[in-house]
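Listed next as structure tokens is one chain, alone, in the form predicted on its own.
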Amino acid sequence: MLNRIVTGAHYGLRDWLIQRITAVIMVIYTLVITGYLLLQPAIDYNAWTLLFSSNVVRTFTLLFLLCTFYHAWIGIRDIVMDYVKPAAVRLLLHVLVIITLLLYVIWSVQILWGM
């Protein structure tokens, strides 16, 4: 009988599924926004203001951005884990990416709900 000892972080299926779900949300958002913009006679400041004056659009835009950031985190984390061997460099890259993505989240909220 084979006694398998599993070690590691166990990301596998969960991260694969999260990347697929976030990708579907990003595609749906992109199609809806593209459709809206194609139906506008003129894409100017007034069209953008009208589009983003709705809390529904701002909320789904923030959801889109959060999905993008999380999708990026999983991809970058996997690349760094696969190709960066020194643990100190890998930790530094992880911390820099996390800080950058958190700053992007804060900046996105400021843009969407700023004055």
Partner chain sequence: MQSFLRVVMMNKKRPKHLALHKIKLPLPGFVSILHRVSGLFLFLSLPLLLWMLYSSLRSIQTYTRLLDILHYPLSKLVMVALLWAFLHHFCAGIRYLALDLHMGSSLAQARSSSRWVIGVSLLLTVLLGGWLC
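Residue numbers count along the first chain shown, from 1. Because the structure is predicted, anything quoted here is derived from the model rather than measured.
FYI, the form predicted in complex with the partner chain isn't displayed, but the following is about it.
*Asks:* Closest heavy atom of L38 to the partner chain in the model of the complex, within 4.5 Å or not?
*Replies:* The answer is yes: L38 has a heavy atom within 4.5 Å of the partner chain.
*Asks:* I'd like to check something about V89: if you look in the model of the complex, is any of its heavy atoms closer than or equal to 4.5 Å to a heavy atom of the partner chain?
*Replies:* Contact check for V89: no, nothing within 4.5 Å of the partner chain in the model of the complex.
*Asks:* Does any part of R14 reach within 4.5 Å of the partner chain in the model of the complex? Heavy atoms only, please.
*Replies:* Looking in the model of the complex, residue contacts with the partner chain do not include R14, since no heavy atom lies within 4.5 Å.
*Asks:* Is L63 one of the residues lying within 4.5 Å of the partner chain in the model of the complex, judged by heavy atom distances?
*Replies:* No.
*Asks:* Only counting heavy atoms and a 4.5 Å limit, does any residue of 29 to 45 reach the partner chain in the model of the complex, and if so which ones?
*Replies:* Those in contact are T30, L31, L38, I43, D44, Y45.
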